[in-house]
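In the block that follows, a single chain appears as structure tokens, in the form predicted alone.
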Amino acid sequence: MRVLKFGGTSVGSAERMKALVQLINDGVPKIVVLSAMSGTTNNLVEIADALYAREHNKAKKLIDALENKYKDVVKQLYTTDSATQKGQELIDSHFTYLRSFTMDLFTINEERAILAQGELLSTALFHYYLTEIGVDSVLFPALNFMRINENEEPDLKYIETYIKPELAKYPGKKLFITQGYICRNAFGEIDNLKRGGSDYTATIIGATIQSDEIQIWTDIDGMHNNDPRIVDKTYPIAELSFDEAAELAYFGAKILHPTCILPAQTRNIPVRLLNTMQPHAKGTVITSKVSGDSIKAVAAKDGITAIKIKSGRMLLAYGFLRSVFEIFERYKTPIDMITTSEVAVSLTIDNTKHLDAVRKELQEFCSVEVDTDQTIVCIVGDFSANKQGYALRIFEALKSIPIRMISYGGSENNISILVDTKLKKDTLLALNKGLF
């Protein structure tokens, strides 16, 4: 059985939903994972923000506007009276539910329930359309088997235990439609896998059912060698290893959720990135195979904060780094890059929620300098220890770019540099010219 995930643009209109049928109705057993229609999650976040602020009139207007959008989709999607009525009843039900939150106190649990509505709507609307045109399918609720644990990580053992009996309820069925992004938490409440989590849903499902292939369908034909929004004439990479793809996804390649590679890699299941708008394009296939020894691609991650920690006590002292890392661990603040010298440590973070508290604790035993508005640029390829010449090519290309930090050797697939964000475009263009 295959797992196919389609993003918001792929189900962004009645027209796109109709076109989707050609990609999934081929008789091959599959689970289809759908995101919310494009723009819906952002609309739902706006509604939640208004409810938090107790701006109920604003929330009602936003709900009305979103409901009208979905009513138009129903009119355009269905042709029979029975399907149209069923679609309208679905819209009425979900938006009556949304309006109920304007009557009471609003909490984070209610927010998560609101954010789940987009995927619940898109999957039901699409399932009803398949039924109308005579395509046999099962609406397969993700909330029956997708769960995260107390650490907000997917509970793979639970998911594997519950998804198989759910599938077994439908013997002989070949097409299952389920929701990306949404899940339950350890307390059974509606929760989610964070933004972009539909990719994660697809690879988790693929891993737990031992799928023969996971396909991620978006509006771009695979993972490109550079950022096509900044650099002209980029091209899709035909093959990547799991490690290479994970590095690119984490360090800024928007086509893929940063954490979604691991489940597929653990079970050695190929992941194929394809373009809904150009379904015959080859895209990118991600496997355990390391193909060639060339530099594959460049990606950039914005919103980075650099922290320089300096102390004379660090010289020849054991336990210093542990003290530093314990502070970041205590505040659940992940570190992206790190470099060290005899008396200083420089590191980067992308979550500044607890920056003030972290800085205060660090200043108890060292001096601290903080630089904001930084960008990590990641060069991905095969940089194993016996390879020669790649560092020269990279830094020759960057000879006119001031570099704040360099990370090299921590991974055989990644050389990362830190630059001021205002130099991001120049850096990507310089690397593109020098490497590709």
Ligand code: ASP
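In case it trips you up, residue 1 is the first one in the sequence shown, and so on. The structure displayed is predicted, hence computed values, not measured ones.
Another form exists, predicted in complex with aspartic acid (ASP); not displayed. Remarks below refer to it.
- Aspartic acid (ASP) is not shown here, and in the predicted bound form it never comes within 4.5 Å of any heavy atom of S407.
- Although the partner is absent here, T41 lies within 4.5 Å of aspartic acid (ASP) in the predicted bound form, judged by heavy atoms.
- At a distance threshold of 4.5 angstroms between non-hydrogen atoms, T203 is out of contact with aspartic acid (ASP) in the predicted bound form.
- Though the partner is left out of this view, G87 does not reach within 4.5 Å of aspartic acid (ASP) in the predicted bound form, counting heavy atoms only.
- With aspartic acid (ASP) omitted here, the record of contacts in the predicted bound form names 195 to 203 of 195 to 203, 262 to 270, 128 to 136, 327 to 335, defined by a heavy atom within 4.5 Å.
- Comment: aspartic acid (ASP) is not present in this chain, but in the predicted bound form one of V32, I47, I379, A36 has a heavy atom within 4.5 Å of it, namely A36.
- Along 163 to 192, one residue reaches a heavy atom to within 4.5 Å of aspartic acid (ASP) in the predicted bound form: Y181.
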